[in-house]
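Taking the form predicted on its own, here's one chain by itself in structure tokens.
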Amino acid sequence: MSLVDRIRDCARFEPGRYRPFIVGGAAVGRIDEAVAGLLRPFADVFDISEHSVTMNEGLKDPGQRTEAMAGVLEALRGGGHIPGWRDEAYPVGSAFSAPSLLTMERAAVPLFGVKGYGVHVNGFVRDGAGIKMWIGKRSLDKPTGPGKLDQIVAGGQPAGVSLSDNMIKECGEEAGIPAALAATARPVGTVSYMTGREEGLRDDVLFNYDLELPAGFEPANTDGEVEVFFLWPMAQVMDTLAKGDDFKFNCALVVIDFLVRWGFITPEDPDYIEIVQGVDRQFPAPKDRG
């Protein structure tokens, strides 16, 4: 096992399995045959062909689409097809900055291969000439990655909240970081990936922040999503990453991005090019299979 294995864990994508999900004339996701089968009973909401799944064009505005989608998702939830329901509304659009075409329950986003967004915070502490990183261990009650290692703070990006406000909110909820301290976090770019997982197709972009914390700061979880926090030397972080999958798959990418930016992974590493290209891999928009 090696760091490059963590990169490959986030790139298990077979394009031929999916057809585009189209809303308002825009391709906004990817749907496989199993999910298409679940949607076929809802012929008033979806037009399903061999080449695409299109939301009914009679649903003209975001409100109508959101209401129709909500009815479908509640039915699928009742059938046990959407575990880990969050009651969080996620925007669906052709791009992050584009107007929302509808909103949908966060837990259903992977079923439709819709692009998801999140904020992740690398919390670190100066230690003489070196640094240490705060690592969170996810609660065993989490619907995804229970018990896996994580950033000190990470969360999905819901509708109606700015990235910075969401980052500060998550800092308070997940690690007890005061808002004034959280506001000093520095945005450092994105990590993106597309990978098929048990919950569906994860096509995500993570907005990453580096937050330097005082040496005496102790994170305290307030929302029950983190079981325990560790303050690790970077050598221990790298060793844990390289030896196995203790880190949640996408959190591993965020840490690897940190390691590259801070010079812990250098061009002398034989996997350097694959690692650098892999942490922010770009994917074309979904196209009609025909």
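Fair warning: this is a prediction, and the values are worked out from it, not measured in the lab. Throughout, we count residues from 1 along the sequence that is shown.
The following text describes the form predicted in complex with another copy of the chain, which does not appear among the structures shown.
- For the options 231, 234, 265, 27, the one in contact with another copy of the chain in the model of the complex, meaning a heavy atom within 4.5 Å, is 265.
- Only one of 143, 187, 160, 79 comes within 4.5 Å of another copy of the chain in the model of the complex through a heavy atom, and that residue is 187.
- When contacts are judged by a 4.5 Å heavy atom cut-off, residue 276 counts as touching another copy of the chain in the model of the complex.
- Using a 4.5 Å cutoff between non-hydrogen atoms, residue 280 counts as a contact of another copy of the chain in the model of the complex.
- When contacts are judged by a 4.5 Å heavy atom cut-off, residue 100 does not count as touching another copy of the chain in the model of the complex.
- Not displayed here, another copy of the chain is approached by residue 272 to within 4.5 Å at the level of heavy atoms in the model of the complex.
- Taken together, the three residues 117, 164 and 261 all come within 4.5 Å of another copy of the chain in the model of the complex, as judged by their closest heavy atom.
- None of 89-97, 144-152, 176-184, 102-110 except one has non-hydrogen atoms within 4.5 angstroms of another copy of the chain in the model of the complex; the exception is 89-97.
- In the model of the complex, 205, 207, 209 are the residues of 203-241 with at least one heavy atom within 4.5 Å of another copy of the chain, listed from first to last.
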